[in-house]
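As structure tokens, one chain now follows by itself in the form predicted alone.
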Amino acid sequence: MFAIVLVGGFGTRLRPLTEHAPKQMLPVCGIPMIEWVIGHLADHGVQKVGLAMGYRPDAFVDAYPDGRIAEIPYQVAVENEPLGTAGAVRFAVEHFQTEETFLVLNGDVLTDLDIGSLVRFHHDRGAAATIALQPVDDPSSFGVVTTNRDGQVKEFIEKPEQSFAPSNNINAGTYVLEPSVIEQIPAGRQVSIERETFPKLAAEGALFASPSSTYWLDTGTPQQFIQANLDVLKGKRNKRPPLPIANFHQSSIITESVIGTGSTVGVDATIERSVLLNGCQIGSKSTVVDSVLSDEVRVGEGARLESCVIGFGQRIEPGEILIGERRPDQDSI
């Protein structure tokens, strides 16, 4: 089966981490997010992947020059201008000349969804499009879906107010589509699959949805990115790869954190619920809590960072205290 992975977003909420790399190239326990996504597809029989992209396509091609990601062959479709989620799907289908049932996935969602079961559900219902659903406590930031007993979608409401949400089942960002759906996506302009395409299909009775309660995480914010890493550490995912190799002084205290390859943590330093990428240097008696540090960040002796996102190559001065701050890449200042 063929899958289209949407990786065209700018990753604005994750800046400055995404100032020099697409968010799907950010590592989760040392492995780029895109490999987690495509590796999961490989486990469920997907044989070829198309990346629908706009921002920094070179980052993917440079990282995977042999044309394979997680052992699956991939191709790219690069938009000249943003086309929205549905517009990106139409552009990719036409570029890849897809003529059979295919998958579409948001490239910043990590899940252990049973894709084979979703595809079978889709075919059993004779659906034009099928959405994977996920229950959440607060559905107000997502597309909310209600269905009848057979799974036919009655309503698809994008980001309702929490008190008015008719369901806590949300669009989980994995779809099974028939090529006929593309005919309903206007060409030449931005089109939202959530606000235009799915509501129209629901009104026609052609949209179905299948609930699941498997592992699922949208990684769009720094807090969610930290959670993605910690979930792997805690064994909440189906897989746990070998962790990156870093250097810690025996007196340092590391709690629920992932430290990237080549990073060093000095004497009496404390790291809690944080993710440090590669080549970071944490000075003695410094503290990093609930924060993400990009590659090559230097934290001086006795500094303290809480709920911060620090860009590539930044230097935190000795004794400096930062709370809730985002600092851009050093070379962008």
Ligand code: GDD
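Each residue number is its position in the shown sequence, starting from 1. This one's a predicted model, so the numbers in the text were calculated from it and none came from an experiment.
Beyond the structure shown, there is the form predicted together with the named molecule, which is absent from this document and is the topic of what follows.
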### Query
in the model of the complex, does N229 have a heavy atom within 4.5 Å of the named molecule?
no
### Message
If we define contact as a non-hydrogen atom of the residue within 4.5 angstroms of the partner, is T85 a contact of the named molecule in the model of the complex?
### Response
yes
### Task
Although the named molecule is absent from this view, report whether V7 comes within 4.5 Å of it in the model of the complex, heavy atoms only.
yes
### Query
Is A127 close to the named molecule in the model of the complex, meaning a heavy atom pair under 4.5 Å apart or at it?
no
### Task
Within 4.5 Å of the named molecule in the model of the complex, counting heavy atoms only, one of 252 to 260, 168 to 176, 147 to 155, 230 to 238 shows up; tell me which.
168 to 176
### Residue among M53, I38, V297, V265 with a heavy atom within 4.5 Å of the named molecule in the model of the complex
M53
#### Entry: Heavy atom within 4.5 Å of the named molecule in the model of the complex - the one residue of F96, F121, F142, F102 that qualifies
F142
### Query
Looking in the model of the complex, is the named molecule within 4.5 angstroms of a heavy atom from every one of K23, E194 and D218?
yes
### Query
For the stretch 265 to 300, which residues lie within 4.5 Å of the named molecule in the model of the complex by non-hydrogen atom distance?
none
